[in-house]
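Read the single chain below, which is given as structure tokens and is the form predicted alone.
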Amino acid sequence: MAEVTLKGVAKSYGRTPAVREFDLDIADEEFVVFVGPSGCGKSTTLRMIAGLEDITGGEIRIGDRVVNDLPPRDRNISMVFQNYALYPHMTVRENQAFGLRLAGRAKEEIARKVARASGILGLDPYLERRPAALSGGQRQRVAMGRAIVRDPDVFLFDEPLSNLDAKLRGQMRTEIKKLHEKVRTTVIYVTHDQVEAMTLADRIVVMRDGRIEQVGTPEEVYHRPVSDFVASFIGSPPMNLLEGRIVAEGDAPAVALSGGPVLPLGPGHARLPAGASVTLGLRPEAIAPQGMAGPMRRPFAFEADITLVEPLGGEALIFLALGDREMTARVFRPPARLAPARGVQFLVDLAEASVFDGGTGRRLGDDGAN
């Protein structure tokens, strides 16, 4: 068990920076997920922690050791890859035991650790099978079992579910969550899938262009994104982002949307100057047709046209046109009659609104400051 600390970690390939001034403290037994679009540097950062990539600058600590110059085998980490990396000619038992055999561990110890890992992951019925006789989910469990038997200080997962179909990904997310509850070890997990990040993480590290954009709990990142980039990346469907300008509206400012209505902000935004260019962020679940909305703290009524309805069983996505803007609403338990229509009355909960600077994209706080 160990903390992981990265201070000013950087990686460049020639003159091309891949990771820039990365600072992060990961607590013992914490489950941290790196998430971001392709090319943001998340896998490169993970590989530097593992020792598979040399660092260009900065310092990496695992526990009380600086590991910058240590080879992977001396860092006491275990890594689970996207492609499983199983030996096809070995059985499940042999795959899990292989690393311990190479390390010269006693047969009794190997047998005990393989039995423990197989029990945790439900692999006992498959111990004598080879990888070709296993499903994708079972192969990934074998890869996790091979990591468990080493008793590592840190588990590293590099997009382990990318090769699985949607149903198996959901099942394996549950397996990984249960694994962390049983084997309380520090976990660093890389994914481009924000659903995985939201469901698995104690904290999420959102990356962009080799830098950390935001670090926080799933709730913090979802409800208080620090930038319009985070707001658009986290959430499915993503937050509605509407351009507008600040105007005076009684004692508090409001946002006049381009080609749309004027939406009043709370009194906590009183410092926002009139005329300032802003982006208003509204989560789809904060918008609903009248009669379908749940409880709202600060409801605001407006009229819009429904252009498309996507039924999803217990919920539906409603695409609506508001002036010259398109928005998405999400409603739960939608009526069967829901269909495209003109001049529909909607409610939006402005207590759930986020306001971002129109130039920098950074969140404007409740007092109007960055």
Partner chain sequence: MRAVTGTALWLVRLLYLAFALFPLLWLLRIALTPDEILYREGTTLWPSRTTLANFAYVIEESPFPVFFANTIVVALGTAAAVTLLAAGIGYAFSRFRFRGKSALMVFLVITQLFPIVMVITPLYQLLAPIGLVDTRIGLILVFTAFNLPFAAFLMHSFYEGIPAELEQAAMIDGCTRFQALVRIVLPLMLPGIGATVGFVFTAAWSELLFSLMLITSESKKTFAVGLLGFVGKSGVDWGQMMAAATLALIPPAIFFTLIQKYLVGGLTAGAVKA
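In this text, rigid core is short for the largest set of C-alphas that superpose within 1.5 Å between two forms. No experiment lies behind these values; they were computed from the predicted model shown. Positions refer to the first chain, counted from 1.
There is also a form predicted in complex with the partner chain; it is not shown, and the following applies to it.
Asker: Is there a heavy atom of G99 no more than 4.5 Å from a heavy atom of the partner chain in the predicted complex?
Answerer: Flag for G99 set to yes.
Asker: Evaluate Q171 for contact with the partner chain in the predicted complex, applying a 4.5 angstroms cut-off between non-hydrogen atoms, and reply yes or no.
Answerer: Judged by the heavy-atom cut-off of 4.5 Å, Q171 is well away from the partner chain in the predicted complex.
Asker: Quick one: is E30 in contact with the partner chain in the predicted complex, heavy atoms, 4.5 Å cut-off?
Answerer: So E30 does not count as contacting the partner chain.
Asker: Decide whether G260 counts as a contact residue for the partner chain in the predicted complex under a heavy atom distance cut-off of 4.5 Å.
Answerer: No, G260 stays farther than 4.5 Å from the partner chain in the predicted complex.
Asker: Would you mind picking the one in R211, R224, R73, R129 that has a heavy atom within 4.5 Å of the partner chain in the predicted complex?
Answerer: Comparing distances to the partner chain in the predicted complex, the residue within 4.5 Å is R73.
Asker: Quick check on this chain: which one of L52, L338, A321, V66 has a heavy atom within 4.5 Å of the partner chain in the predicted complex?
Answerer: That would be L52.
Asker: Could you tell me which stretch in 295 to 303, 109 to 117, 189 to 197, 131 to 139 has residues with non-hydrogen atoms within 4.5 Å of the partner chain in the predicted complex?
Answerer: Residues of 131 to 139 come within 4.5 Å of the partner.
Asker: Can you name the residues of 145 to 178 that have a non-hydrogen atom within 4.5 angstroms of the partner chain in the predicted complex?
Answerer: Counting only heavy atoms within 4.5 Å of the partner chain in the predicted complex, the contacting residues of 145 to 178 are R146, R150, N163.
Asker: Is G291 one of the residues whose Cα moves 2 Å or more between the shown form and the other one, with the core superposed?
Answerer: It does not reach a 2 Å shift.
Asker: Quick one: core overlaid, is V195 moving 2 Å or more at the Cα between the shown form and the other one?
Answerer: Not so; V195 is displaced by less than 2 Å.
Asker: Using the core for the fit, does the CA position of P88 change by 2 Å or more between the shown form and the other one?
Answerer: Yes, because once the rigid core is superposed, the C-alpha of P88 moves 2 Å or more between the shown form and the other one.
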